[in-house]
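Form predicted on its own, single chain, as structure tokens, below.
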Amino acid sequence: MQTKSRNFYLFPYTFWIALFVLAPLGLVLFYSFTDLNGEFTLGNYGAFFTSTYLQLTLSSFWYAFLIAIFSLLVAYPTALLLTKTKHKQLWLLLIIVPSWINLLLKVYAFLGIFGTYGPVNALLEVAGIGPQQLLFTDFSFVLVSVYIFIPFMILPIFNALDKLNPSIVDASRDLGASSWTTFRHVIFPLTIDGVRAGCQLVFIPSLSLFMITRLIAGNQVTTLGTAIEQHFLVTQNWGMGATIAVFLIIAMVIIMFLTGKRGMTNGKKA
């Protein structure tokens, strides 16, 4: 009876996974072996390993790395400060709330902020620097991406810091360790799982960005996500777009496996 009951409750979950995860992945894999005429081909995979797409892949990983690193540099001190504040849950909520706003609205807001007649250029003009071309640059793309992904980096790091036993930190200082030594040898190593989770949540989605690259960076930044969008919506080469998506999915799975495996190893050692 228990086995039948367990299978009954498992059926909706299995149906959901099969319909909305496995079936789309199967379609992507199927289309990756088709050409413009819908016939079977391996040419898409051969084309992916040309210099053009390999450079595009390296560029995507580079920008994702920059976004993750800058997000971490901002998020970790912020999360550390939040754990020391009186109303930390309220402040954390205020940081998370902007992530509920539609992504497109936030991107269009930055178009106005960084525009020629926007407040940033107005401030630069008052400072005597003069208006600058802030949009359609690598800088604006990375900055907007970091702003959007910051909450996803802060939350896991905050949770890891909040669960940290303060007596361990106090013991380190009682033994004569400086604040920097305590952070480097005690706090950061004990919260590394939160850092890994945050980097996962930022790095992986950053690989497939396309709307921000179009609106904020223009044609100055091209990523794998941009290439997928172009092949599906512009050139109508679904086979090539699906092939890029397959390699992107493989890269995401490898990243998740490596970070997850390291986290498990550390947990066993602890």
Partner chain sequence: MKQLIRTFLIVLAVAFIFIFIVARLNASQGLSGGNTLTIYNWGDYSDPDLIDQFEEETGIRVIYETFDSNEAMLTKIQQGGTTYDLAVPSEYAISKMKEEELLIPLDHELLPNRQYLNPRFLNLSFDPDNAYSIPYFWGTVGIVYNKEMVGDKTITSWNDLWDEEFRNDILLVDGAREIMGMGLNSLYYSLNSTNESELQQAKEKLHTLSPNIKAIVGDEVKMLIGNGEAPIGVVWSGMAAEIMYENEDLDYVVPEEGSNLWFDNMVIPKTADNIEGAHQFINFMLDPENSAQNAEYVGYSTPNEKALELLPEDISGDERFYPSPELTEKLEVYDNLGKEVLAYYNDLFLEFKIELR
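The shown structure was predicted, so the numbers you read here are calculated from the model rather than taken from an experiment. Numbering follows the first chain given and starts at 1.
This next part talks about the form predicted together with its partner chain, which is not shown.
K.L.:
Spell it out for me: taking its partner chain in the predicted bound form, does every residue among F136, G218 and T222 have a heavy atom no farther than 4.5 Å from it?
P.N.:
Judged in the predicted bound form, F136, G218 and T222 all sit within 4.5 Å of its partner chain.
K.L.:
Can you pick the stretch from 93-101, 149-157, 111-119, 70-78 whose heavy atoms fall within 4.5 Å of its partner chain in the predicted bound form?
P.N.:
Stretch with heavy atoms near the partner: 111-119.
K.L.:
At the 4.5 Å heavy atom threshold, is F203 in contact with its partner chain in the predicted bound form?
P.N.:
Answer no; every heavy atom of F203 is more than 4.5 Å from its partner chain in the predicted bound form.
K.L.:
Test of understanding: in the predicted bound form, would Q230 fall inside 4.5 Å of its partner chain by heavy atoms?
P.N.:
Judged by the heavy-atom cut-off of 4.5 Å, Q230 is in contact with its partner chain in the predicted bound form.
K.L.:
With a cut-off of 4.5 Å between heavy atoms, is F11 one of the residues that contacts its partner chain in the predicted bound form?
P.N.:
Residue-level check for F11: yes, a contact with its partner chain.
K.L.:
Looking at the partner-bound form in the predicted bound form, is Y53 within 4.5 Å of its partner chain by any heavy atom?
P.N.:
Answer yes; at least one heavy atom of Y53 falls within 4.5 Å of its partner chain in the predicted bound form.
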